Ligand code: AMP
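Let's start with one chain on its own, the form predicted on its own, as structure tokens.
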């Protein structure tokens, strides 16, 4: 059975076609710069990469290009081979406790949450509608970043603000990267041979979040109402005193919206270092002895360690810390310094293993708390959800 996993952004469309339940990737790719004359369609098939430049003015054209490419390159013989399409949707609010088979009502509910994810949900809906038109007889499933975190209890997800804000406007912590945290924590439990494992997942990329998973369920996570809360990221500030917005807006004659935009797009690694939001550039700058590069790295490491310590206490112990996503999987310096920062928990780094890539344990065998690199696979989780709902 072939299932297509889709992640639609405002100007991009990522896709991956799987054979299920084997979870074998047949093809993956991305359409970049949608809405521009110089858009690119990229297919990766059997280790080969194919790039085509086109004018792609909207998501409907992008979807048509993807489908045309699958047929033209003989990835599929006909559209009948695709039995399901799974769509990543960033914000499910409290309306969606699990993935949902898409119909007009589900699309309307996703749209009703646009205020909570104004940059993401509208783009996700655009991708959904384009695929519904292109493949009208195929089951389509919405898989939400937030549903894995719906198991958090009130003490974890509520803010200490007027309760009426939660009642009226849904002001609470929702968390994100749920499919990644679920995949990695499940894999960690398998490796440990322990279903009731207490695991902390550090999803570290340009966007980054930490999640505490107990007995297979998310009990707390660092991102909040939006992906701005939590640890510093590539361009996001992470936690900050809200009074900063009033101070900076008055001093620089900017609106709250403009200051908030800077906290989202000009802070984190970029804001502290002054030159890059890329972890690789930050590490290179550290190695050149640049203080602000070291500062950007060290502030993030310190905040990650803060969350790990907090979640250790909240869960009443810890079996493993798992590093995943672009930085988590590929930056040994970040993993090294985080593990050194939480050494008191009973974890020792295996330097040799830490300098390798791929799934592996990077703590010493006698460490009380284990540390792993576990490459994430959000697309597989999306496909699993499609299969699960098809089999209901």
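Since the structure is predicted, the reported quantities are computational estimates derived from the model, not experimental observations. Residue numbers count along the first chain shown, from 1.
What comes next is about the form predicted together with ligand AMP, which does not appear here.
Student: Indicate whether residue 342 is a 4.5 Å heavy atom neighbour of ligand AMP in the model of the complex.
Tutor: Output for residue 342 is no: heavy atoms all beyond 4.5 Å of ligand AMP.
Student: Is residue 68 close enough to touch ligand AMP in the model of the complex, meaning at least one heavy atom pair within 4.5 Å?
Tutor: Outside the cut-off, so no.
Student: Residue 338 near ligand AMP in the model of the complex, any heavy atom under 4.5 Å?
Tutor: Heavy-atom contact with ligand AMP at 4.5 Å: absent for residue 338.
Student: With heavy atoms only and a cut-off of 4.5 Å, decide whether residue 331 touches ligand AMP in the model of the complex.
Tutor: Residue 331 belongs to the contact set for ligand AMP.
Student: Could you check which residue among 195, 280, 133, 266 gets a heavy atom within 4.5 Å of ligand AMP in the model of the complex?
Tutor: Comparing distances to ligand AMP in the model of the complex, the residue within 4.5 Å is 280.
Student: To verify the annotation, which of these, 362, 34, 325, 347, has a non-hydrogen atom within 4.5 Å of ligand AMP in the model of the complex?
Tutor: Contact residue from the list: 325.
Student: For the interface check, one of 121-129, 86-94, 270-278, 70-78 should have non-hydrogen atoms within 4.5 Å of ligand AMP in the model of the complex; which one?
Tutor: Looking at the other structure, the answer is 270-278.
Student: Taking ligand AMP in the model of the complex, which residues along 365-392 bring a heavy atom to within 4.5 Å of it?
Tutor: Contacts from 365-392: none.
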